[in-house]
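The data below hold one chain only, encoded as structure tokens and taken in the form predicted alone.
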């Protein structure tokens, strides 16, 4: 799999072309600033009542309505929440798609699951950073970047991949490297990775370890420091040296115990559950569940968020975790 870097991308391909950034949240703000610092022309598209309007204007951006920004731009970047992309596309974007324009998505979710169905007379590309906007911006300012994916869904002009690489360079991704993927693979992999491993699965594993130790009489602070606080150290070893390299750099006691008991935690039942989750995502069942919750105002979702915040592990973080956060 080829890794594309700065020398593989031509930023001049986007010079003189207006880029509309739809949304000004974490990703929207970071990408807009990085693109502007790369010498590209950026406008921000927001709804009239958006609380982000004042923030964007204070940073010197021209802010327009969603429809107006799309009308005057040659490239349109969707950096609004996934759940509103369908309605924004249908109401504000679709009518402004002239021949040869380019739609850019940071996540393939809406396109792959047919919430957004672009016409065949525009380029449709994926530029997906592997990191939050705040991290991406901080690294960009330091002369670095996060990695990412690029992909092509519709190649109307014959230059869709080149545009994706140029945009990736504009936001700093090619400083580290990007690899090409498909919209299908990014959508499935991203949803599964977040839900089963990186966010959902990991959070449940951390809470289960914390609850086990506290339930057997250890102080919550001990449980937090043993099961949660050191996580970034292990992750850093894995990212730098791989899983086998991580094992070779911890104590033999820890390594031995990992081989004995790790598979007892993540065994065949867990793998069966993971396969079931992936199939539900693939069939569109999760997408329907998510959009149904959105249409109902995210009521149950908000209740779960409040319940999560009240978990004792978060109280311990507020008591001692923040004091160690700068480690």
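Positions refer to the first chain, counted from 1. From a predicted model like this one, the values you see are computed outputs, not experimental measurements.
The same protein has a further form, the form predicted in complex with ligand NAD, not shown here; the description that follows concerns it.
Relative to ligand NAD in the predicted bound form, residues 27, 82 and 129 are all within 4.5 Å by at least one heavy atom. In the predicted bound form, ligand NAD lies farther than 4.5 Å from every heavy atom of residue 124. Taking the partner from the other structure, ligand NAD in the predicted bound form has a heavy atom within 4.5 Å of a heavy atom of residue 47.
Using a 4.5 angstroms limit between non-hydrogen atoms, residue 210 is distant from ligand NAD in the predicted bound form. Shown alone here, residue 66 lies within 4.5 Å of ligand NAD in the predicted bound form, counting heavy atoms only. The partner is absent here, but in the predicted bound form a heavy atom of 107, alone among 169, 163, 137, 107, sits within 4.5 Å of ligand NAD. Only one of 148, 145, 133, 151 lies close to ligand NAD in the predicted bound form, with a heavy atom inside 4.5 Å, and it is 133. Look at 50 to 58, 298 to 306, 259 to 267, 279 to 287: in the predicted bound form, residues with non-hydrogen atoms within 4.5 angstroms of ligand NAD sit in 50 to 58. Residues of 158 to 194 are not found to place any heavy atom within 4.5 Å of ligand NAD in the predicted bound form.
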